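For reference, the chain that follows is the form predicted alone, supplied as C-alpha cells.
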C-alpha cells in the first residue's frame, strides 16, 4: 500500500470513530483514560483490569472468565504489562462489568497521561533468584500513585527483584531493581570456591585461600551469598537500583541508572519527587526520557536524587556495570 493510501485509510478510520463517538455521545479519550479502550469493531471496547504486580486472586480470575463469557466473546487477553483484558465488550455493558468487578474487590485500570498500574516479578516472595520484595514495593506504589495525572504523558513503573530484570525495569519511566552487596566473613570461610564458580560476572577471584571481590564487576545479584554453605558470604547492604527515563514503543529509550541502594521508604518518596519534577520540567507530551534528552539527566539527579541524600550514579563508568546491551547514555 502506498503511503498516501495508508494515510487516507487512517484518516478515514479516525473520522469514522469521531462520527461514532458523536452519535453515541461518548468521549473515547475519557473512556480510554478509565481503562475502556475502543476497538475497531463498532460499539465494542476492550476492558483493561487493574492487576498491580500481576496479582489477582483465584476468585478474580474466575470472575474475568465469567465476564468474558457473559459480556465478551469468551476471550481473555493477558497484556505484556501483566494486565488482564476482556475484549469485545459493548459499551452498554460497562456498568454491569464494573459492578461485578466491585463484588470481588477489583476495578478497571487506567490509560492516558497518568501513572499506570505498576508491574513486578515475584521478587523474593518465592523466587529463589529474588533479593528484594518487588511485590510489596509494587503494591505500595500502586496504592499511593495509581491513576495520578501527569499532565504530559503516561508514566510506567516496574520493580524487579534481582538483576535478571524480568519486569523490564530498564524500559520503564521509573524502574526499581533489587540489589545486595556481599561481604566476606573470613573467619567462617573454608576456601571452597563455590562463590567464585557461581559468580557469572567474574567479580570474585581467590587470593591466599579466600575469595576477593572486584567491586567494579559486581552487579549485586547476591548469587555468592546464596550459594555459600557456611554463611561466610553475607549481605553488607541491600536496596534498590533505580532507573529512570526508559520507554518502549515506536521510539524506545534505554533508561539511566540514577541511584543505588535505595530503601523502600526512599523509593516511595522518590516516585513522588520524580512525578513533581516530571510535571514541572516536561514539555507537552514528552515522556520522562525525552525530557532527560532535552534538559539532561544530570539536572534530574541534581534536582531530585542528590537533595534526597540518595547514593547518586553520575557517570557512564558508574552505570557501565548495570549495562545489559544496547546504547547507554552520557
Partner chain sequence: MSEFHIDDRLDLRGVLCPMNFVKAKLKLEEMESGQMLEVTLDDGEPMRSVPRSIKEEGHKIVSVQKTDANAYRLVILRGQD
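Positions refer to the first chain, counted from 1. The structure presented is a predicted model; accordingly, all values stated were derived computationally and were not measured.
FYI, the form predicted together with its partner chain isn't displayed, but the following is about it.
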**OP:** Work out which of the listed stretches, 73-81, 243-251, 136-144, 188-196, brings a heavy atom within 4.5 angstroms of its partner chain in the model of the complex.
**Re:** 188-196
Original post:
What is the one choice in 230, 235, 149, 206 with a heavy atom within 4.5 Å of its partner chain in the model of the complex?
Top reply: 230
Subject >> Listed residue (111, 100, 108, 225) with a non-hydrogen atom within 4.5 angstroms of its partner chain in the model of the complex >> reply: 225
